[in-house]
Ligand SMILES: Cc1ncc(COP(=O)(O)O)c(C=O)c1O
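Take a look at this one chain, the form predicted on its own, written out in structure tokens.
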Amino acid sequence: MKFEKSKQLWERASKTCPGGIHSNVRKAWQPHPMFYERGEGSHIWDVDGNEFIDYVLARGPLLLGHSPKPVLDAVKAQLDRGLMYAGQHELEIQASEKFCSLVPCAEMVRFSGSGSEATHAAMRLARAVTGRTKILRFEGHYHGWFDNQMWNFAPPLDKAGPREAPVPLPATAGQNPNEADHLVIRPWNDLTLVEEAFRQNPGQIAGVITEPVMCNTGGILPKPGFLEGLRDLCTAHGALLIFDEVITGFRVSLGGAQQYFRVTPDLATFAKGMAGGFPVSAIAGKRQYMQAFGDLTVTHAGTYNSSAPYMAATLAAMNMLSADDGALLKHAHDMGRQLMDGIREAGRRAGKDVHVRGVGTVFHVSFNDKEEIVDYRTSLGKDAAAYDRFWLALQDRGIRTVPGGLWFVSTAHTPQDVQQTLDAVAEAIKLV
């Protein structure tokens, strides 16, 4: 493939935009940050005319594929009626009613603009309603890029401290180091160490926040009983259980990972996948906690919250996903399972130690030397250089995936897409 125009645009952009990009994670693409022209269904085209089957899907938001017509039609209809009112409108009621009918923990919901905002609000709310200050979080989980969120996401092991009690480490320069005083870090999938953390911090932990599937680091699933154990521990110690469903929400199932695993948190946050690609997030939870926003005890604000076109998109997307008993989502899971099985089989035939973890609509592929991958530290056994060669070989064959190994599958992917992808996988895996 040729990427000359992308390179020219990146060089031009670098003169006025730091790094030539507007989100740091976009720097990872090779041979340089890429520029795209259009997307339709499961395919995307770059400015050089290269066509790709897309498993990046904007890193998750395009659960319905590129440019889903019912969502775009709903937004277009609202655009003629207005953008923002600095007041309420009926669409936000309809969207919240639909949301609460689908998500188990959602007795009430508040909409905002990004996953980082929603997760920040959830931690603030947990601290407010419990009167405590500490949040227990897990090594390798990502909950947003704000100062109180971006800790121990991908810490170097020579600085991370012991596995049993990792040292709080900021993930970027410029973070407020004092936030560490309000964090308790533990490895995921180890209930014994979580229980010990509660004993070591009696009456101090306001909430436990977790990705219910460790999507941002390795696509790792919870061990049987782990999420249930977190639920029991939070209840016993008066802390709130918070699920970060920014990725898993509406993607793992219509009601999110909490429905899939049958564990109901006190609060949960959502974003990617819930509005067909428009910037909408949500914090949802039990009425007894959420009403602290309504009585103004706890501040949750935002000029762009629940703007009418975005609520039109949210309602249309949720209606699409829930129609015919969730037929579209079932199709996406089926396509994903075929991909996961096919990638495993391609690895077996090539004699490669390929690991595929997750669920059909979001899974992770890596080349590992460990049999069991259960948390951040065990995920580090992967051969990152091998995967770099793999995904670049896929890109050369018209298959676009996230460089780190995460694959998103949409309702728009077809059996033909799957077969073409697996044909490319069979060729690319030989180059690992």
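Residue indices: 1-based, along the sequence shown. Computed from a predicted structure; not experimentally measured.
Keep in mind that the form predicted together with the ligand is missing from the display, and what follows is about it.
- Taking the partner from elsewhere, T264 is found to have every heavy atom lying beyond 4.5 Å of the ligand in the predicted bound form.
- The ligand is not shown here, but in the predicted bound form it comes within 4.5 Å of a heavy atom of E211.
- Taking the partner from elsewhere, G115 is found to have a heavy atom lying within 4.5 Å of the ligand in the predicted bound form.
- Residue contact check for Y142: one or more of its heavy atoms lie within 4.5 Å of the ligand in the predicted bound form.
- Residue-level contacts in the predicted bound form: of A257, V246, A317, A284, one residue has a heavy atom within 4.5 Å of the ligand, and it is V246.
- This chain is drawn without the ligand; in the predicted bound form, the residue among Q291, S322, N216, N305 with a heavy atom within 4.5 Å of it is N216.
- For the ligand in the predicted bound form, the listed stretch (77 to 85, 142 to 150, 191 to 199, 337 to 345) containing residues with heavy atoms inside 4.5 Å is 142 to 150.
- In this stretch, 268 to 306, the one residue having a heavy atom within 4.5 Å of the ligand in the predicted bound form is K272; the partner itself is omitted from this view.
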